[in-house]
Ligand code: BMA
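One chain is shown next in structure tokens, namely the form predicted on its own.
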């Protein structure tokens, strides 16, 4: 489904212009000048995280990394960022002519979802917390649906850790909360805890969405990736869901690190052909890696690998 780049990992702490512990979970966007920008989660040696931008002409190497953090926690004005900011997702919003960055803010109350807008990844308009703790794994859809903005996120509620969609007229006040994908139960690869990975891809068939599932084992957790397809105008309607995971930790840089057995993409870019996906993912919470796939192939895989749960429960 995805081919790993032979030069993986493409970014690690050794590349950084200032001392850090690890670099991972990068949002991605293809800029108007053709550069690929990765907004990386960077954990410094305090243990807290900030966001730092890396730019590349080819999206593979020759990265130009900001000399200082691009977006730092600001606990003075935003106390929800007391323990850092993490795991961004970038969406370009044509109506606003800006990039929306949804990220996790972390403080005593737990992780929450915060939002910022930017035109240049140098200055940011911060909205603060838009989804209170415990909530994370969020991305804004690039256009309004029936007049409202839509945000996918993963709150933890008494019913479990499922993916939800919420709606807003102004990006500040949110409601209409609906479950869009539930974590399965029992022995499934995505039982008990799931969450959005990179922002959904709009296709004629629906929102093609990569999500992560967490399998608890005697040796710890394993983070793997699956696929689902959602209705274009009502994303709370799941059209297809893959039965099995389609990408998981296999290589040494994915299986060994600060957190072993993790592949976790927060961003991708789509090539000018409209089909080729470059998926940028955190590996073992320690570095950034790249894998390449095809939208057509992913949609075909969903056609062939969905529906087993419904058959078992019917």
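Residue numbers count along the first chain shown, from 1. Just so it is clear, the structure is predicted and the values come from calculations on it, not from any experiment.
Another form, the form predicted in complex with the ligand, is not on view; read the next lines as being about it.
Taking the partner as it appears in the predicted bound form, which of 273-281, 59-67, 258-266, 26-34 has residues with heavy atoms within 4.5 Å of the ligand?
Selected stretch: 258-266.
Check residue 87 for me: does it contact the ligand in the predicted bound form (non-hydrogen atoms, 4.5 angstroms)?
Looking in the predicted bound form, residue contacts with the ligand include residue 87, since a heavy atom lies within 4.5 Å.
For residue 223, is any heavy atom within 4.5 Å of the ligand in the predicted bound form, or not?
The answer is yes: residue 223 has a heavy atom within 4.5 Å of the ligand.
Though only this chain appears here, would residue 285 touch the ligand in the predicted bound form if you measure heavy atom gaps against 4.5 Å?
Yes, residue 285 sits close enough to the ligand in the predicted bound form that at least one of its heavy atoms falls within 4.5 Å.
I'd like to check something about residue 136: if you look in the predicted bound form, is any of its heavy atoms closer than or equal to 4.5 Å to a heavy atom of the ligand?
Answer yes; at least one heavy atom of residue 136 falls within 4.5 Å of the ligand in the predicted bound form.
Along 158-173, which positions have a non-hydrogen atom within 4.5 Å of the ligand in the predicted bound form?
Counting only heavy atoms within 4.5 Å of the ligand in the predicted bound form, no residue of 158-173 makes contact.
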